[in-house]
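Only one chain is given next, in structure tokens, and it is the form predicted on its own.
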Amino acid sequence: MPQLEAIIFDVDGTLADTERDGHRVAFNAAFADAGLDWEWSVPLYGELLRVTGGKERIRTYLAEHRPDFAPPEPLDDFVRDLHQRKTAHYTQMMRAGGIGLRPGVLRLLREAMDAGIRLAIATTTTPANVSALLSAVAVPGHYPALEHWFEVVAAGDVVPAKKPAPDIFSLALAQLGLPATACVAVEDSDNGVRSALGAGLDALLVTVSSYTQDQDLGDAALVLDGLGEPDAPPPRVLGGGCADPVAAALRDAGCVDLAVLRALHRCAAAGS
């Protein structure tokens, strides 16, 4: 049976709950900068999240909510420039420490680092957004900056198709030089589930976020409401094909640690 060698993380909603109070706010600031009277409310942004990628989200909004809008420049240039404004606002927010990591994330990353488990990122957000989030996180003194913990950062427009296509996870696997059977993926959304499973990552943990808690995530190996911390109530098990086999390890740990991930990895390998 293959050993667990790497963990591949999504970013938005997974490492940090950034969508509602991060990306959405930055989009609205970019719209105001451009003199647009657009306002993406919390419910509207939740609807737009069915589309991965910020530029793609702008195009979807125009098609569905502003079909008569005439951009002041060619559409591709308009969308690109608007998205660049948004990225500038978002990175400024993140570097100011506006949104931190979700509970348990830094603990699990540190445990993996100490155990020699390789870390990677597979996300459709831009590399600048990833760097801004990670660079704002304070880490213990003897560790390098958090962004250096990840051996591979597959992000942005570096693949032909974004999630739910498997391309970004396949790229991360190729850059790690590992088969999918040697890895655990951590996601938060239905698009992420389809992307990871499409790349062969059957050992898939989903930690639902504020926008994804009502999505159909049952194809994942394990679905929880978070990673948890040892001194807090344990994560709630919401489903997944490996929920029962992993339950004992989760009860013993009280949170998602490497023992839980290894139990998840074994379960997924046994079922493949």
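Quick note: we count residues from 1 along the sequence shown, nothing fancier. Since the model is a prediction, treat every value here as computed from it, not as a measurement.
Missing here is the form predicted together with xylulose-1,5-bisphosphate (XBP); even so, the following discussion is about that form.
Colleague: When you measure heavy atoms, are H89, S131 and S135 every one within 4.5 angstroms of xylulose-1,5-bisphosphate (XBP) in the model of the complex?
Modeller: Looking in the model of the complex, the three residues H89, S131 and S135 all stay beyond 4.5 Å of xylulose-1,5-bisphosphate (XBP) (heavy atoms).
Colleague: Which residue, L250, V11, A263, V25, has a heavy atom that falls within 4.5 Å of xylulose-1,5-bisphosphate (XBP) in the model of the complex?
Modeller: The residue in contact is V11.
Colleague: Can you work out whether G53 and xylulose-1,5-bisphosphate (XBP) are in contact in the model of the complex, taking contact to mean some heavy atom pair no more than 4.5 Å apart?
Modeller: Yes, G53 sits close enough to xylulose-1,5-bisphosphate (XBP) in the model of the complex that at least one of its heavy atoms falls within 4.5 Å.
Colleague: Although xylulose-1,5-bisphosphate (XBP) is absent from this view, report whether H83 comes within 4.5 Å of it in the model of the complex, heavy atoms only.
Modeller: Residue-level check for H83: yes, a contact with xylulose-1,5-bisphosphate (XBP).
Colleague: Please run the contact check for T126 against xylulose-1,5-bisphosphate (XBP) in the model of the complex: heavy atoms, 4.5 angstroms, yes or no?
Modeller: Yes, T126 is a contact residue.
Colleague: Could you confirm whether D17 comes within 4.5 Å of xylulose-1,5-bisphosphate (XBP) in the model of the complex, counting heavy atoms only?
Modeller: The answer is no: D17 has no heavy atom within 4.5 Å of xylulose-1,5-bisphosphate (XBP).
Colleague: Among the candidate stretches 62-70, 31-39, 45-53, 219-227, which one is within 4.5 Å of xylulose-1,5-bisphosphate (XBP) in the model of the complex when only heavy atoms are counted?
Modeller: Checking each option against the 4.5 Å cut-off leaves 45-53.
Colleague: What residues of 240-261, in sequence order, lie within 4.5 Å of xylulose-1,5-bisphosphate (XBP) in the model of the complex by heavy atom?
Modeller: Heavy-atom contacts to xylulose-1,5-bisphosphate (XBP) in the model of the complex: nothing from 240-261.
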